[in-house]
Ligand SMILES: Cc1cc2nc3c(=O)[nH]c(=O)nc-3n(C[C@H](O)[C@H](O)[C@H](O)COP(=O)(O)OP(=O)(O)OC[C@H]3O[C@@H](n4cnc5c(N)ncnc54)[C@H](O)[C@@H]3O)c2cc1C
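Shown below, as structure tokens, is a lone chain in the form predicted alone; questions about how it binds or moves come after it.
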Amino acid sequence: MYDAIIVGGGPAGLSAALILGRCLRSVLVCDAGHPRNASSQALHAYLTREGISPLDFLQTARDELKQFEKVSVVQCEVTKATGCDGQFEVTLLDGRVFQSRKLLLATGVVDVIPKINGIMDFFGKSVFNCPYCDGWEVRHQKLAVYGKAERGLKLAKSLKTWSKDILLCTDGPSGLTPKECEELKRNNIQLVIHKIKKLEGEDGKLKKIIFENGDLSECDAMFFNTESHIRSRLLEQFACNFSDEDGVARGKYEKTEIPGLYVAGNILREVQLVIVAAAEGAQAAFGINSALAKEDLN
């Protein structure tokens, strides 16, 4: 019986494990090994870790956890989670079963990458989904936005922070109202509604967007705003109140409405930065240890 099982070995889960390890708690981290930013070349906006490889960041975190003898990490997907406060049980893909007093879900989200011919040649190098993560590296350059309706409009406007040269590509009918189209014009954001045929460039560097009507637009980078969804469906097994759009309902120290169940990281659907995910993991760990400490007192 572990004090806590953490499902998810990203920044949130590993941060929680660090805090709990320092509290002398027995912890099992279950990591499926599919980090959201695996395609990224560098991690940004994390104080003292600016520019580090995301995979190196995770490995460094795992190495730091080795000094805590009560913290273990297993590389395996959790397929089932059941139980209640004081008696949770998780089942791994390989059939192993573990129990814990508290359970933290920090499984992150999965991005829906646009279905554009050639996009994977550039994803993480010059095609991104987060301007706060990668906008500075392409500042003052020609930036394209992929997105429809409000999603595309919102991202295109936000990118004006980093560049004056913004092109919004809706890959077909824009879904924008006349008022929204006028807003684009006022802010000198070009709108192209033609279907995209493919992306072109070399060595991961995007150079052109080729449209099906034969037109092309030169650009240095593209940002997209498409849907993403919570990676694990374990929340459904607890009938937890959540949605892909709004994240998980929770209270103080990331505690859910299910006693003993905590959440952290991008599944909360707030600021989607690595440093924030790590902070949320620390908050959840604080809540978990506080609850355990109270229970352990006579």
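The numbering used is simple: start at 1 and walk along the sequence shown. As the structure is a computational prediction, the values presented were derived from the model and not from experiment.
Absent from the display: the form predicted together with the ligand. The rest refers to it.
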Where, among 197 to 205, 100 to 108, 174 to 182, 146 to 154, do residues come within 4.5 Å of the ligand in the predicted complex by heavy atom distance? 100 to 108
From the list Leu65, Cys240, Leu234, Leu28, which entry has a heavy atom within 4.5 Å of the ligand in the predicted complex? Leu234
Counting any non-hydrogen atom inside 4.5 Å, which residue from Val71, Val78, Cys169, Cys219 sits next to the ligand in the predicted complex? Val78
Exercise: Cys133 in contact with the ligand in the predicted complex, heavy atom 4.5 Å: yes
Taking heavy atoms only, is Pro35 within 4.5 angstroms of the ligand in the predicted complex? yes
Is Pro114 near the ligand? Define near as a heavy atom within 4.5 Å, in the predicted complex. no
Non-hydrogen atom contact Val7 with the ligand in the predicted complex at 4.5 angstroms: yes
So which residues in 37 to 65, when you check the ligand in the predicted complex, have a heavy atom no farther than 4.5 Å from it? Asn37, Ser40, Ala42, Leu43, His44
